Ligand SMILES: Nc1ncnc2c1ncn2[C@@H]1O[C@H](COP(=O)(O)OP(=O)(O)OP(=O)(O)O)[C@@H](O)[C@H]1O
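In the block that follows, a single chain appears as structure tokens, in the form predicted alone.
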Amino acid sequence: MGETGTATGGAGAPALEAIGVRKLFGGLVVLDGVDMRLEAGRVHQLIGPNGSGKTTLINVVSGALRADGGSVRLGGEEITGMPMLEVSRRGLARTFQIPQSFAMLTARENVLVAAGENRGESYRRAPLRRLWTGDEARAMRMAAGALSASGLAGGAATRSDSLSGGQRKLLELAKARVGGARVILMDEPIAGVNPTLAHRIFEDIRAMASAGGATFLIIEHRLDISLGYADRVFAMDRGRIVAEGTAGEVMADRRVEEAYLGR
């Protein structure tokens, strides 16, 4: 296993850290003591053959599954065992291979939902318009900015079920952007997307990391496109991290070749 990354600037806690994380399904060990540190404001990629434990790892980290051992820390804060909603409130977002949007709502309305509550949603304050019009206006500006940054300004009024698959994945990024997520876990963000739009999605990811300081951990099998955008790559096999480093270092590692080729 290569040298583990440190937090940006060499100071402070990493954006996200997994320490000795274990997960069992019955008698099957799916995660076998996973150690991983993510640097703030960087794009990390998690690769490995099917069944190596990648999706299980992000399910455990995000709170969708409970770990059977080890620790998960978000910005130095212990989040092990917290439910997914609580982890999300602390700044960790999770997207799925099949985008999870409200089909009957427009792109703008989906982003407004992700922006969170405003005071007008309280039944006591709703009649007192002066108390919440400012919140509503700010949310609309944030939504417009997020949609524009993700290249969806022209589709803001389009129902999400009428967007293309690639556009729905850009919508997931817009929702994460407006929600203020510090760490974003993504499961195959360019699966089924044409190459031009796939690059657009990764360009948006890079922009969010560079400009906003968001930290990404991405599972993606289309390595010909995705590796060029990754600052650091982790390779998994049989529930363990077997290599980490730059894309070139990891792809040249004998253990990674063995994992993919089954040698």
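Keep in mind the model is a prediction, meaning the values are calculated, not measured. All residue numbers are counted from 1 along the displayed sequence.
Separately, the form predicted together with this ligand exists; it is not shown, and the next lines address it.
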I'd like to know whether P195 contacts this ligand in the predicted complex, with contact meaning heavy atoms within 4.5 angstroms. no
Considering only heavy atoms, tell me if G51 and this ligand come within 4.5 Å of each other in the predicted complex. yes
Given that this ligand is not shown alongside this chain, does Q45 nevertheless sit within 4.5 Å of it in the predicted complex, heavy atom to heavy atom? no
So, H221 and this ligand: in the predicted complex, are they within 4.5 Å at any heavy atom pair? yes
Single option in A67, A40, V30, M36 placed near this ligand in the predicted complex, where near means a heavy atom within 4.5 Å: V30
Stretch from 55-63, 197-205, 210-218, 225-233 whose residues place a heavy atom within 4.5 Å of this ligand in the predicted complex: 55-63
Heavy atom within 4.5 Å of this ligand in the predicted complex: which residues of 231-259 qualify? none
